[in-house]
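A lone chain, given as structure tokens: the form predicted alone.
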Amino acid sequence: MHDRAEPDRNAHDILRVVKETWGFDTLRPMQERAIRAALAERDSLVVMPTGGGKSLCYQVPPLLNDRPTVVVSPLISLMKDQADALKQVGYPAAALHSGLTPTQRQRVYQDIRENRLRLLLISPERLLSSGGGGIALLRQMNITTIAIDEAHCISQWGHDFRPEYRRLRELREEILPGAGVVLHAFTATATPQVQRDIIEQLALNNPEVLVGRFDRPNLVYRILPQVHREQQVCEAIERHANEATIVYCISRRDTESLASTLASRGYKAAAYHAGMDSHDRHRIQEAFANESLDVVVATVAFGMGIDRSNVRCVVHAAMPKTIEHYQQETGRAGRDGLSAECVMLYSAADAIRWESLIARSAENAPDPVAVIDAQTRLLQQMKKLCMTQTCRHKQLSEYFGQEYTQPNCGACDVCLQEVEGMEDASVNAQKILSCVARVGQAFGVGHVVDVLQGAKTQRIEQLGHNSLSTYGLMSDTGKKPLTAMVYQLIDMGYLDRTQDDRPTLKLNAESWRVMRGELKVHMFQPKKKLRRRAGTEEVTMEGVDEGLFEALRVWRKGLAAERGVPPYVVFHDKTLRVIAREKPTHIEQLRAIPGIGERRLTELGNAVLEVVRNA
């Protein structure tokens, strides 16, 4: 622990800066504790789920102690958005990355030399590279504090390990020895094991460890059996028409196919993945941030660098790889504290795809067996979340080591009773298993489904499978629902599937017990119609003049376009909702609304009041 006296910074000093700069009257208890740890020049680990306001934890201290802080951040778009948002409120900040022009880069260097910055955002690669000038910059700025964002990337036990993050320990051990540099690690997703690994890998010195609540009560979680994927995705988007939605897929091909389908149905949608040209990726990110694009269909490459606060829906068109990925990706919904929906369409076929991808990606690892074992354990936890009919908020909280005591969250498919048991599930299971037996346990899912459907294919006729007793036995069941049933049986262990290049279905001991009627099978299906429901949100639409709210959004979008920034950088939806409810008529009333600091009040106050008057 550092032997430095904590500066005399009481709650009044901290809140004064927060109110003047960002327009907030209060801080969450964890935010204040993290800020105090920074002011006391003490190492810290802050685990604060997305939407918890972790950025303020490293943005406030430099304004109070008048010393610059360097923030290590992994993505250019994330750094750019943060720097832009800070400049809007008059905060002296800059981002140093490869996307800058030589003139812009020189301006940042000039600001550093003249001690004008209080926050510098930089990537770990640039900070640690010998040619990037990162370490020289730290010395020029007389840095004593470094904040490391997305710190879970440092842990090999986590879901997004990045080797370059491991080298950040060098900042203290080798590069700045004896300089008394304080490290603050921030992350939104870390199990207790990952938390311990972050502390060890960064050599944090008796750190203040602050772990917030992982539960996001404003999010409605729905994990539904995948039956008609495109239709189910469209239904979710439709519940949030003209609002921001992110749809996640496993592969690049999936993103392009689904985005094309959505666009053909009239949605403002586009695909996004790492294989695209960088110009196209940037164009789609900008369109989504600027609210000219409603839906992005993406691989996990999208979202980490998106700071848009009013994403109202996140859809996983397939099961994600880990619970950490799921928590991080769903965490991009409702960051403004308002209600948002998170839908996952689950199929055992997704888990099978992930197993194959894990094995393929581990081929070049130093220890492939250890990598496969670690990633398979995480995948099994993800499957368990999908298959267990227990409150989703409870399962997620307990996975991250926190107790959840509410008997009913009122904001997930289980507690809302939105998934129902399938009628005649045991009979349907017997029909499927009997067909597997009749075709000699030598064919895959597609062929078995075709036989049960009574498909008139050349292959079925050549094999004589059209004369089997199970041929056409389930012709009244749609192909996609029937395929979903087969994968449910695989998932529940009533049916096996080989892992070779041409996977075939095999019966096991449980299969025979089902066919003999000794085991009752329970299969699930989503209810026909799901409603848009509000989770517990900080600012509801109750009492809000919706016409005024839309008028404020239109004004905000126009102003953002003039300034070349995303609309949420001007004002969050939460602030606009309060304005549309309170309908202020003079500046003092406007000053009392959360999210309007002194600079915004001076620059934009009269324009806001004019929108209110004219709406």
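Bear in mind the structure is a predicted one, so any value in this text is a computation, not a measurement. Note that residue numbering begins at 1 and tracks the sequence as displayed.
Just so it is clear, the following notes concern the form predicted in complex with ligand ADP, a form of the same protein that is not shown.
K.L.:
Heavy atoms within 4.5 Å of ligand ADP in the predicted complex: which stretch in 542-550, 557-565, 584-592, 55-63 meets that?
P.N.:
Among the listed stretches, the partner-contacting one is 55-63.
K.L.:
So in the predicted complex, is ligand ADP close enough to L39 to count as touching (4.5 Å, heavy atoms)?
P.N.:
Although ligand ADP is absent here, L39 would stay clear of it in the predicted complex, with no heavy atoms inside 4.5 Å.
K.L.:
Residue-level contact is defined here as any heavy atom of the residue lying within 4.5 Å of ligand ADP in the predicted complex; does R67 satisfy this criterion?
P.N.:
It does not: once ligand ADP is placed as it appears in the predicted complex, R67 has no heavy atom within 4.5 Å of it.
K.L.:
Is R335 near ligand ADP? Define near as a heavy atom within 4.5 Å, in the predicted complex.
P.N.:
Yes.
K.L.:
So, in the predicted complex, is L27 in contact with ligand ADP at a 4.5 angstroms heavy atom limit?
P.N.:
Residue-level check for L27: yes, a contact with ligand ADP.
K.L.:
Which residues from 224-261 come close to ligand ADP in the predicted complex, meaning a heavy atom within 4.5 Å?
P.N.:
If the 4.5 Å heavy-atom criterion is applied to ligand ADP in the predicted complex, 224-261 yields nothing.
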